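Next up is one chain by itself, shown in structure tokens, the form predicted on its own.
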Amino acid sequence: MQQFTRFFTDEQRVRIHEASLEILENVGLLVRNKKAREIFAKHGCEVDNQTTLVKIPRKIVEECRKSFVPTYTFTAQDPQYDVTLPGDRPVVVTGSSAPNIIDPITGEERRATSADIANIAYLINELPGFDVFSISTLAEDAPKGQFSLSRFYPALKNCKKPVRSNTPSIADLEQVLELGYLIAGSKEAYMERPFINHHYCPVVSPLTMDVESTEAVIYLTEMGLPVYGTIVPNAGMTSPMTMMGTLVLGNAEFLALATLIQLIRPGAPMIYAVLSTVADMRTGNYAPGAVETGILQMAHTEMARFYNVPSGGYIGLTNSHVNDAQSGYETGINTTAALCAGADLFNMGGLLGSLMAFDFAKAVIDNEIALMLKRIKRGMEFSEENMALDLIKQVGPGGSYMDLEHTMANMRTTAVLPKVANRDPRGRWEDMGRPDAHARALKEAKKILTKENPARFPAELDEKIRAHFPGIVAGDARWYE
């Protein structure tokens, strides 16, 4: 049985749950989406359509809790890449929807394009530490009327792992689903294996449900398609400037969204996903890389286990604008803390500058961190065979294990063998031009992206898609030189 780090006693977790129910029943939340208000009203919630305030009685939340399910599956185009929480934890996902990219040739930050998304998709497909590609950037070159299509098409064309992102409107969402039907061969085939995974932030802290994202969550839940939401309180700005106050408010917001989803379709899979942070009140700056983000993730994860639902979120982000020590310790410390607390999902890969810019080298470095997290999760594998007593007796005092078959047989499974982390003596490192981690990671990205992509669509399918969506972006992965 695996043990996790815990902050609270059983009684304290119950009190946090009770406090969250008090908020939903007595304070309520603003629900800007009319259809959501109608769903809450139909099931007995107190709804004021003038103010849009909705109060949710605790008995309704508790009734919905009975239909929570403990697993969530990300489906891929290629079934070998399907992953299910929590069994396949830690499931590692790229960060998403940054407007900018660090150009790998000039090193300058610029607006991202659909060609960048194609390259990122191919890179993530080839990096074994990543399990899900959440579309990392926007596409500045999107033709009019094809904003989301210009993101999903290059992503799905170049990555066979599960692809995840959001859309700004129902019209965009329907267009993306149409793309999915074409790839699957029919709507019926797609509905059997819905390989586009949807994610939104319908709750705007404090205690407000928006219009468009809530509409998308309702639409997808009614269709029986995969969707979940992330809760994002920011202490000092949109939640109290205490860790417990932010936890309780965020927990109430999760319960409100979970209740809406379960009222629509009891048993719909969900993830208790968060990006709870504490603002730097010296400047008001957003601080997703702060250690408090990791602590809050640990606490939310503990509450997720209380509700028996998978947990995780945007954890391992950095405020740093370059691949320096800060980006390394912010990603490393927070993801390790979340892993030890039992988090299942890690939206951690590839972004710098508080989710503002994707960087190829950062993605390769995060792949290495992800492999280390998965190794930590494996932990110590206790067995008589692994204690190797016979071998210890055979080699004896003063012997060597270096040239033994046992060593050769176990060297690739016992230890992570990194490509970015440098372990050479100083002299050899200097002879190589003193490359730092950023340079080594960028070299690895280039090595992958200058090879032919095996994950592309077949030509016949691509022609069919391009004929169906005239003017669609090229969506081809190609290195920048």
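The model shown is predicted, which means the values in this text are computed figures rather than measured ones. When you see a residue number, it is the position in the sequence shown, counting from 1.
Note that the form predicted in complex with another copy of the chain isn't included here; everything after this is about it.
Visitor: Exactly one stretch in 147-155, 74-82, 361-369, 167-175 has heavy atoms within 4.5 Å of another copy of the chain in the predicted complex; which is it?
Guide: Answer to the contact question: 361-369.
Visitor: Counting any non-hydrogen atom inside 4.5 Å, which residue from Leu391, Met223, Val211, Ala189 sits next to another copy of the chain in the predicted complex?
Guide: Exactly one listed residue reaches within 4.5 Å, namely Leu391.
Visitor: Looking at Val232, Ala115, Val322, Leu355, which is the one with a non-hydrogen atom within 4.5 Å of another copy of the chain in the predicted complex?
Guide: Of Val232, Ala115, Val322, Leu355, the residue with a heavy atom within 4.5 Å of another copy of the chain in the predicted complex is Val322.
Visitor: State yes or no: in the predicted complex, is some non-hydrogen atom of Val69 no more than 4.5 angstroms from a non-hydrogen atom of another copy of the chain?
Guide: Result no; Val69 lies far from another copy of the chain in the predicted complex.
Visitor: Classify Phe4 as contacting or not contacting another copy of the chain in the predicted complex by the rule of any non-hydrogen atom within 4.5 angstroms, answering yes or no.
Guide: Yes, Phe4 sits close enough to another copy of the chain in the predicted complex that at least one of its heavy atoms falls within 4.5 Å.
Visitor: So in the predicted complex, is another copy of the chain close enough to Tyr401 to count as touching (4.5 Å, heavy atoms)?
Guide: Yes, Tyr401 sits close enough to another copy of the chain in the predicted complex that at least one of its heavy atoms falls within 4.5 Å.
Visitor: Using heavy atoms and a 4.5 Å limit, would one call Ile105 a contact residue for another copy of the chain in the predicted complex?
Guide: Contact check for Ile105: no, nothing within 4.5 Å of another copy of the chain in the predicted complex.
Visitor: Another copy of the chain in the predicted complex: within 4.5 Å of a heavy atom of each of Asp48, Ala184 and Ile264?
Guide: No: no residue has a heavy atom within 4.5 Å of the partner.
Visitor: Going through 392-417, which residues have a heavy atom within 4.5 Å of another copy of the chain in the predicted complex? Please give them in sequence order.
Guide: In sequence order, Ile392, Lys393, Gly396, Pro397, Gly398, Gly399, Ser400, Tyr401, Met402, His406, Thr407, Met408, Asn410, Met411, Arg412, Thr414, Ala415, Val416, Leu417 come within 4.5 Å of the partner.
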